[in-house]
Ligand SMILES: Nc1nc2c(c(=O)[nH]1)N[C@H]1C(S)=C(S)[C@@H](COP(=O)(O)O)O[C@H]1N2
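Presented below, as C-alpha cells, is a lone chain in the form predicted alone.
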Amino acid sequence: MAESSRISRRQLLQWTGAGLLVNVAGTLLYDPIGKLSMPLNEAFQSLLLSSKPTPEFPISAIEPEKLIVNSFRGTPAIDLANFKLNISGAVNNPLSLTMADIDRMPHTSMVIQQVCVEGWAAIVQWGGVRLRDLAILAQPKPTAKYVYFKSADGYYESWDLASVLHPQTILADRMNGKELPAENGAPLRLASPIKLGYKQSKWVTEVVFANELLPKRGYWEDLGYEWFAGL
C-alpha cells in the first residue's frame, strides 16, 4: 500500500489520547472525545523513552546466503485473506488487526545482524511495524511486565516488556526489500537486534500482555535455554 495511505505517527499518537477502538471486523476507529480509554501510564511512557537504538549496517552488508531457515514444525498454511493479529491480555484496548490495518500503520526498516544460538549469524534487512506502536494502541495496563507471542505453528515465546518496546523490535512483513517469504515467517514475524534467534518467533498470530511469567515461558526455554537471551 502506498505510504500516503498509511496511518501517520502523528495520527497514532493522537489516537492514544483520543481513545482507540477496534471493531469486530478489525477496522481501526477512534472516539474523538476521549472517554473510552485511559491515558498511557507513566511507567509505560518511561519505557518508551528509555531504550537506545543498536547500531545498524548498510544495505550493502546484507548476507542473504547466510540466513538459515530454521523450522519448528514446518511452514504452516495460513489463510492470508482471513488472517488477524490479536493483541490481548493486560491491556485497556484489545485489538484484532487485519493485514490491511497493519499496512496502514507507520512502517520502519532496519539492517541488523540475526544471531542464532547454533553459532551462525547473518545480516538481514527487516521491514515492518514497531511493537511499541502496537502497544501504544493496545495501551498496556500498569501491571503488565511481560509479553507472550503465539504462532500459527504452535511455537510460543515470552519477552520482557522493555525489550518489546525497544525501537528496533518489530513485527516484520518484509525481508531484504521484498515481501516476507512464507518460510521466513510470513505474514508476520518478530525481528530485533537485541535478542537471539530463538526468541524471534515466526508466523505470529497473538500478542498477549501479561502481569507475570507463566510456567510455560517459551518452547526452547522450557527445554533449558536461557529465557532473556539478550545480545
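Residue numbers run from 1 along the displayed sequence. It should be emphasised that the depicted structure is a prediction, and the values quoted were computed from it without experimental measurement.
There is also a form predicted in complex with the named molecule; it is not shown, and the following applies to it.
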> What stretch, of 78 to 86, 136 to 144, 91 to 99, 115 to 123, brings heavy atoms to within 4.5 Å of the named molecule in the model of the complex?
Replying inline: 115 to 123
> Should Y155 be counted as a contact of the named molecule in the model of the complex, where contact means heavy atoms within 4.5 Å?
Replying inline: yes
> Contact between E56 and the named molecule in the model of the complex at 4.5 Å, heavy atoms?
Replying inline: no
> Even though the named molecule is not shown here, does L67 get within 4.5 Å of it in the model of the complex, heavy atoms only?
Replying inline: yes
> With the cut-off set at 4.5 Å between non-hydrogen atoms, does F209 touch the named molecule in the model of the complex?
Replying inline: no
>> Can you pick out, from N176, S163, Q200, Q168, the residue that has a heavy atom within 4.5 Å of the named molecule in the model of the complex?
In response: Q200
